[in-house]
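This document opens with one chain alone, in structure tokens, the form predicted on its own.
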Amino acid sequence: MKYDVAVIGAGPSGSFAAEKLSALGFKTLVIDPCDRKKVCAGILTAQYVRKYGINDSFVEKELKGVRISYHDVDAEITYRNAVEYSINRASYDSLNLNCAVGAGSELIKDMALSVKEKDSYVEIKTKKAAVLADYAIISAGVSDLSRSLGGVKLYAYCVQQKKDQKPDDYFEMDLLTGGYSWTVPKKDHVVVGTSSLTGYPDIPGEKGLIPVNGPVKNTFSRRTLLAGDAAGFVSPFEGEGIYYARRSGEIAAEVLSDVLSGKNKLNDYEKRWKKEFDFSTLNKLSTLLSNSMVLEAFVREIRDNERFNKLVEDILTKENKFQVKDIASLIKTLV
């Protein structure tokens, strides 16, 4: 049997892509072992909430804002118009996958080992079988498979653990040299994690990999598209990954729907996400904040300067369009 599209990975990018394709009538397969817990802070950002809303079945806590610290400098941003949510990531992923299956997607609980592009189809080998499809969406996160297909090769190592600590209403980030730590309030506990660019921190907890440096150079090839973490659609500065994962999956499905209908080409995928995702601006911010003196000044200005506090809030919540010219203003203020 040959499928129209095989989706590898059942996170938000894969599940939402599969649901959309199936709803449009395309024969869609999802391949995922469904035996791994995603290491994720589990934040639905203001941008996500505005576009998609929320479902009480996976919400843990409503968040009022973010606290940021660097060395002995602490700052707090209380959102004026936006709301974010801490979620149970396992419940979120389960609901999304069930929606994809409910829309008509077939699910194979197996590990995809390789994807080979042929002239008129892709061949996917799993631990148990070989699968053929016209096209494939690679939503397998930071993995050997995604790397072999041009996916993320630069990433941070993270470790995360649950702590029986009374939660409050703020997401907390402690900025470190070469990484950062976070504390996320849940319903009756907190989740704490830390990251490093050189290897897993030597602390107990669940381990995972986070893409760094933004999107990869090419997110499409002859018959495959990269989506979500596999494509590098993560912005550590914003604490944003789930929105980019879901939206990139949707864009991939929309483009493949047109390709299968003879209306466009796969390179339209890259044109589409580049139009929506402003990673060039975010990369400039990341470069700015790689300097420790600038980073400390950045946190201090958030603490002491109300106008600057509001500007950073706008960056984090996407409440107003952040322009490149505003970066020049940031640099002038901090350097």
Ligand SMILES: Cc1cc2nc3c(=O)[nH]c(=O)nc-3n(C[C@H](O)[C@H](O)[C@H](O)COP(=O)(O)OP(=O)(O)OC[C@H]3O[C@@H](n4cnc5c(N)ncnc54)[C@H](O)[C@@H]3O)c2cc1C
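From 1 onward, residues are counted along the sequence shown. Because the structure is a prediction, the values reported are computed rather than measured.
The form predicted in complex with this ligand exists for this protein as well; it is not shown, and the discussion that follows is about that form.
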Given that the partner is absent here, state which listed stretch (75 to 83, 252 to 260, 227 to 235, 212 to 220) has heavy atoms within 4.5 Å of this ligand in the predicted complex. 227 to 235
If we test each of 284, 50, 38, 300 for a heavy atom within 4.5 Å of this ligand in the predicted complex, the one that passes is 38
Residue (of 158, 190, 175, 122) lying close to this ligand in the predicted complex, criterion heavy atoms within 4.5 Å: 158
Decide yes or no: are 66, 179 and 201 jointly within 4.5 Å of this ligand in the predicted complex, with each residue judged by its heavy atoms? no
Even though the partner isn't displayed, in the predicted complex is residue 241 close enough to this ligand, meaning a heavy atom within 4.5 Å? yes
Partner proximity in the predicted complex: residue 103 to this ligand, non-hydrogen atom cutoff 4.5 Å: no
Whether residue 196 contacts this ligand in the predicted complex should be assessed with a 4.5 Å heavy atom distance threshold; does it? no
Would residue 208 count as a contact of this ligand in the predicted complex, using a 4.5 angstroms cut-off between non-hydrogen atoms? yes
Can you tell me which bits of 61 to 91 touch this ligand in the predicted complex, meaning any heavy atom within 4.5 Å? 89
